[in-house]
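In structure tokens, one chain follows: the form predicted alone.
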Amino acid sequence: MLNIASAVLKRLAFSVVLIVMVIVLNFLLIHLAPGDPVDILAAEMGGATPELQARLRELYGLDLPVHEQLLRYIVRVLHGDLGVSFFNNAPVTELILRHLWPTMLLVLTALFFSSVTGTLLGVFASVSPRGIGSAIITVLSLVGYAAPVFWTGIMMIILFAWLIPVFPAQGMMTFGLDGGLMVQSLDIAHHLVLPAFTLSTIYIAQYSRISRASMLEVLGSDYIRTARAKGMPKQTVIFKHALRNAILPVITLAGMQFGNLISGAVLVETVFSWPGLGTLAYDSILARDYPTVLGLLLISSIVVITANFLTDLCYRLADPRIKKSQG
């Protein structure tokens, strides 16, 4: 237990250092990018005098040297203040919290659906690797992996919102819907189907291929042959003995894919007008809204680092060899 606690503390210290590096790197990259937010603000106002532009730069601290801006930003972040949005005139923390839960709902739904479905398809394909079912799953995996997310989203809208109108094409809720919590939850779930499935397609393919390859390797092991020789039921051999070891690469992939899911959500949210962090990020980047972009990058980095941290813990719990080495 002490070894596990020590490993957790070391990983926490490493995560804190990594977050500080992310803050500095994000700040420098944003300020090296072309474009001046004051020019865009002036354009939104229909024009501004040089004196007004100078006052705006002073108001937002953009007239200071970059290293002073960076120091002020780090101090604010340490106090939990991510600044004020240039264009929304609202605290960045408030904006992010407002858009965070739709994105997390979309990403976690896609992660759960893709990992479970992909793993089950991979297990099914590994049981009869030369059967027609395995061939169909392999072909669909290749198609799903090769298809761009935005193309899949457009096809889903054409098929299931226009030709067969069973799901809404845009938004998170029906405008003006009146009802209780249950009615609103069902309406959100109805709107969630197409974006979550679109975001899942490429990852279902990856999970099925990884789990299929891992299961084929495990099913050829000596202890599996021994279990079969003892007359154990086929389902027990597959799901109790083989899947437990074969699931380790899937856990690793799930942790690594969490960040990709968030970045992929930007495209999906744009296609389906889903009011999440992706839509906020897209609008903020176009407007050169530095505080909002930096806040989004910081929160996304923290989420990804936390997901990797939890993945390591799950890996230690799932792999008996690591538990044994930890005493």
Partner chain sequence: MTRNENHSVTAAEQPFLEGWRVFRQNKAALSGLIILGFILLITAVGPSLYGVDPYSMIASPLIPPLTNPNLPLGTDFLGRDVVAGLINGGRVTILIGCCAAGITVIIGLLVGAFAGFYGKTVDDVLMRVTEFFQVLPALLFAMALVTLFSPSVYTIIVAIGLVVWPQTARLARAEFMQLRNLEYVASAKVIGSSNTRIIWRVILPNAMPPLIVSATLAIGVSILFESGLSFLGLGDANVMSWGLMIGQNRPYLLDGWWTVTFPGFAIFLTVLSVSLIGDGLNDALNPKLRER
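Because the structure is a prediction, the values reported are computed rather than measured. Superpose the two forms; the largest set of C-alphas matching within 1.5 Å is the rigid core. Residue numbers count along the first chain shown, from 1.
Another form, the form predicted in complex with its partner chain, is not on view; read the next lines as being about it.
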item: Candidate from 142, 108, 75, 166 lying within 4.5 Å of its partner chain in the predicted bound form - any heavy atom; value: 142
item: Residue among 90, 71, 155, 189 with a heavy atom within 4.5 Å of its partner chain in the predicted bound form; value: 155
item: Residue stretch of 244-252, 97-105, 219-227, 144-152 approaching its partner chain in the predicted bound form, non-hydrogen atom distance within 4.5 Å; value: 144-152
item: 4.5 Å heavy atom contact, residue 162 and its partner chain in the predicted bound form; value: yes
item: Contact test in the predicted bound form: residue 308 vs its partner chain, heavy atoms, 4.5 Å; value: yes
item: Heavy atom of residue 313 within 4.5 Å of its partner chain in the predicted bound form; value: no
item: Contact test in the predicted bound form: residue 53 vs its partner chain, heavy atoms, 4.5 Å; value: no
item: Heavy atom within 4.5 Å of its partner chain in the predicted bound form - qualifying residues of 170-186; value: none
item: Post core alignment: residue 146 C-alpha displaced by 2 Å or more between the shown form and the other one; value: yes
